[in-house]
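This document starts with one chain, in the form predicted alone, laid out as structure tokens.
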């Protein structure tokens, strides 16, 4: 199928009914506590890393002072284990008084004063996964109003200690209750992850009407095997999952673990690139106080963020799965642009992969190419010109591809390039027939 036709098919196949709260028209970005800090409540022995107001205030400071906020990382999200073990006398959830002595409203004000948003965690069941008070059906409205009164901007609603019938009632009920508060609160549903993630048990049309994003699959762990497991599930099921994503309603493959302990730099670039192709929410779970410069550079790469945040909101697809261990992924973007990822599953040495844009079903023409992670423009490419990319083991090469004819119609650099503050794609006269090594 030609690229232009395929883009139209993908655009019109995206679910047209979405949660009517006007939020998260591009995938949300921010920081989430769970993968890195889990349920560490020992503030006496581990005061810097326990789930407490100190941790979230520290991360808010880092987002606001270290350049993250300006790139779109605006959510500070509390996960499980924040609450007291009992509700208050009026039946409301309350924060643990020792770890959050000034309460969640104070933390929300602190976060908001720094131009950020605060997310919180709940569970549609008798208990959270960590054993704290859950939200039973009779508590849905009071919990929604409590979160709104506190100044919460996003709710992740988990599904431990419940069942399919309970979830079928409770997740839509919470959506209505959040909207009824009058406060804009983004809504993350874990519902599909508890029902296997696929139809017929999961009704993605309904999900798009009640949730802004949803967890489809199991929790990510701090390992390359976990990342590969998630990637395989999402792209093996891309025919089901790709059409249901779009502005205001996103598939969520879980957190970015870049900057933790389990990924090399090449693997970190791979996770970032593939999450961008998936139009996935970008929630880091790491320690921003001690993150390495290499991990920071990957997470703050403006080009890959720009691809992730493309306003068309079309989720990408895997195009090719070679016997050599090389895979090619593609995502259509605004103004006729696209993103290409060449990904290696090899573990031996860099692999030189030869192809052409024509072989990847690009239409006739000449294209500008920008290498996302080397952060430099490459020679113009004719659709028919063979080229070679060298892909590191468990690594990626990621390109932003733009039709040269469209480029020349515009006065000056494209909007995408301006967002990157340059670089301008330079014109090259290299039109030889031999393969280009890029």
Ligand code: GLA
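Positions refer to the first chain, counted from 1. For clarity, every value in this text was computed on a predicted model and none was experimentally measured.
The same protein also exists as the form predicted together with alpha-D-galactopyranose (GLA); that form is not shown, yet it is the one meant from here on.
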Inset, instruction - Using heavy atoms only and a 4.5 Å cut-off, determine which of 187, 343, 194, 75 is in contact with alpha-D-galactopyranose (GLA) in the predicted bound form. - result: 194
Inset, instruction - Sort through 214, 100, 121, 275 and report the residue having a heavy atom within 4.5 Å of alpha-D-galactopyranose (GLA) in the predicted bound form. - result: 121
Inset, instruction - Using a 4.5 Å heavy atom cut-off, indicate which stretch of 300-308, 258-266, 123-131, 234-242 touches alpha-D-galactopyranose (GLA) in the predicted bound form. - result: 123-131
Inset, instruction - Please state whether every one of the three residues 37, 58 and 287 places a non-hydrogen atom within 4.5 angstroms of alpha-D-galactopyranose (GLA) in the predicted bound form. - result: no
Inset, instruction - Answer with yes or no whether residue 153 is in contact with alpha-D-galactopyranose (GLA) in the predicted bound form, where contact means some heavy atom within 4.5 Å. - result: no
Inset, instruction - Verify the contact flag for residue 158: yes if a non-hydrogen atom of it lies within 4.5 Å of a non-hydrogen atom of alpha-D-galactopyranose (GLA) in the predicted bound form, no if not. - result: yes
Legend entry - Interface membership of residue 219, alpha-D-galactopyranose (GLA) in the predicted bound form, 4.5 Å heavy atom rule: yes
Legend entry - alpha-D-galactopyranose (GLA) contact in the predicted bound form: residue 327, any heavy atom under 4.5 Å: no
Inset, instruction - Scan 221-239 and write down, in order along the chain, each residue with a heavy atom lying within 4.5 Å of alpha-D-galactopyranose (GLA) in the predicted bound form. - result: none
